[in-house]
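Let's start with one chain on its own, the form predicted on its own, as structure tokens.
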């Protein structure tokens, strides 16, 4: 075989690999995105059309009545606002505390640091369902059942170990020379952290913040146990209760519309902050 033929065969092989890779990627994306498409598609259908067989890929009778019902009903709006407030409170508590703890673990010679890291990793292996009863008893005694503060505190305890591990990897790779230069200019260690290290570690902070929002926004188990009042109930619990009620038997369109509304904020956040998220998640790939 001539050298030219060999080169052409190599190029053909690489082209075939690329085509197969793109086909596999397209199939994977379809598999992931199809449920979301079907949810949005069904939310604009009348109830009788949702269960049509064969199914319709686009609504025959386009309607926004399901969204009107959801966005004008206080039993949905109130939990939606509750979820927003709880998510923001959780992020405001978990992110700065985990950043300070992670910085201390990355910079200071803490005794038995390896053992402490092992404990943080071990906490990620404990099923959340095992902590429901202890949390419920503790929060009942503290009087923070059916309160935003109780939910935010509970979610922060679950987020904290992961957040510390994630941000420690980020701070461990941060150049010490920049902090030394800031301290030479008159900053304290804390001042150098707040003015230099933290602003340049935005990807790690954003990653932890998104994780906190995602946990607080999507969680059902702890919200279901720790809240029963509509004034503190999160939207995930409200949607669960609605789907289990008699209402669901004739109004699946409303439930699907509410699910679409709930999904939208998280999708928007990930779309606009995906660059920071990728940088934050890959920060620990280089050993610090």
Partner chain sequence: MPDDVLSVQGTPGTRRPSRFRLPGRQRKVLTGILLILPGLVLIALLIGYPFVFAVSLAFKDLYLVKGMDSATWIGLDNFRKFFADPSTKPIVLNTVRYVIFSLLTQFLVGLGLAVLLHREFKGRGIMRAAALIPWVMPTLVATIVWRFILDGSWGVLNYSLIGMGVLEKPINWLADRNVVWWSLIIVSLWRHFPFWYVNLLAGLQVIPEELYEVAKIDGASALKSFWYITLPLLRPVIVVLFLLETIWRSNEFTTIWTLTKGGPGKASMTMAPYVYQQSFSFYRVGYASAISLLLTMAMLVFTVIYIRRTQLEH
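Numbering follows the first chain given and starts at 1. Fair warning: this is a prediction, and the values are worked out from it, not measured in the lab.
From this point on, the text means the form predicted in complex with the partner chain, which you will not see here.
In the predicted bound form, residue 28 approaches the partner chain with a heavy atom inside 4.5 Å. Proximity of residue 122 to the partner chain in the predicted bound form falls within the 4.5 Å heavy atom cutoff. For residue 154, a non-hydrogen atom is located within 4.5 Å of the partner chain in the predicted bound form, even though that partner is not displayed. By the criterion of a heavy atom within 4.5 Å, residue 221 is counted among the residues contacting the partner chain in the predicted bound form. When the partner chain is considered in the predicted bound form, only one residue from 88, 101, 80, 202 comes within 4.5 Å through any heavy atom, namely 101. Taken together, the three residues 62, 163 and 216 all stay farther than 4.5 Å from the partner chain in the predicted bound form, as judged by their closest heavy atom. In the predicted bound form, 120, 121, 122, 123, 124, 125, 126, 127, 129, 130, 131, 132, 133, 134, 135, 137, 138, 139 are the residues of 120-140 with at least one heavy atom within 4.5 Å of the partner chain, listed from first to last.
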